[in-house]
Ligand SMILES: Cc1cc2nc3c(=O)[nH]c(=O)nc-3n(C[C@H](O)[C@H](O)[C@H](O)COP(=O)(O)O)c2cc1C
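A lone chain, given as structure tokens: the form predicted alone.
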Amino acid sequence: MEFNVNDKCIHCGKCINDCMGKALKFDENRIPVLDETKCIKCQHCMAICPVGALSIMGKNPDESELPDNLPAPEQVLNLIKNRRSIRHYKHENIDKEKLEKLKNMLNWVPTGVNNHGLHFAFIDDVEVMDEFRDYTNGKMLRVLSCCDKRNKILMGITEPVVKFLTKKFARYKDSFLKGEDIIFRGAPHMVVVSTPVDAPCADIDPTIALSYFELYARSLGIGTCWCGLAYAMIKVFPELCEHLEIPENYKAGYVMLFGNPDTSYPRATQPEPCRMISVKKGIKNSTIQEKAKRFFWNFVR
């Protein structure tokens, strides 16, 4: 791994103190040296250097963006408050420049232990999305209409899958059978984020990535919707994973629909307050029964 310190180094040690993996230390001349076996490639050493004396992985610190022109806290809060799940879209492709901005932004999303193994499958053409939509809706329609055990076998659908999907679609079944696009809500685009099964934080990394995607999309005037139904389809119909080119040893983390919204919200909602407490000093001694109960709730899902 390429690691260089030039003569601008002021030997302040900030890079060493900020290194999470303890991969940096001073040599006899108080020059930072790298132990590659401990480095997680987060680039914090380059980012924190006050004089830009350090480069890693061939990156030039002079090409890094500076933290200026940041939005005011009130602007960020207003963006969060006015984020909405969009379920009505224009049947058109979004602007290519905005699409590239969205894709490029994902390179900066945080991941556990800086494991940048995330895979993003974009359906960024409305015609491709229509094909995917028609296939998936047709497959689900056959499942909901299929009551004969022999037909289920011919379709390659197991009883547990049928029960899972029937329960998942219980509240939407009538609308779905009438031909409504309950799964994709007419969205022209979709992104599926997947993660290696052995990633340190495989369960949460996709959610973090899509949270960043959602807010940045909102700032660009693009609507989004977290789509649990599409996620369910991908989980139970393996051919969809193949079509999305999700790599082997990866699992789909979640799905987000997006596109130019065909609706607008002139004001924010007024949600009920969440439950919040300020934790007090003093660790409580729980009984065995309380610990067992809490252990169950922690892992029930």
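Numbers follow the displayed sequence, beginning with 1. Since this is a predicted model, take the numbers as computed values, not measurements.
The discussion below concerns the form predicted together with the named molecule, not included here.
Taking the partner from elsewhere, residue 228 is found to have a heavy atom lying within 4.5 Å of the named molecule in the predicted bound form. Not displayed here, the named molecule is kept clear of residue 175 by more than 4.5 Å at the level of heavy atoms in the predicted bound form.
Contact annotation for residue 250: none of its heavy atoms lies within 4.5 Å of the named molecule in the predicted bound form. When the named molecule is considered in the predicted bound form, residue 185 lines it closely, a heavy atom lying within 4.5 Å. Of the candidate stretches 107 to 115, 194 to 202, 85 to 93, 135 to 143, only 85 to 93 has residues whose heavy atoms lie within 4.5 Å of the named molecule in the predicted bound form.
Although the named molecule is not shown here, in the predicted bound form the stretch 110 to 139 places no heavy atom of any residue within 4.5 Å of it.
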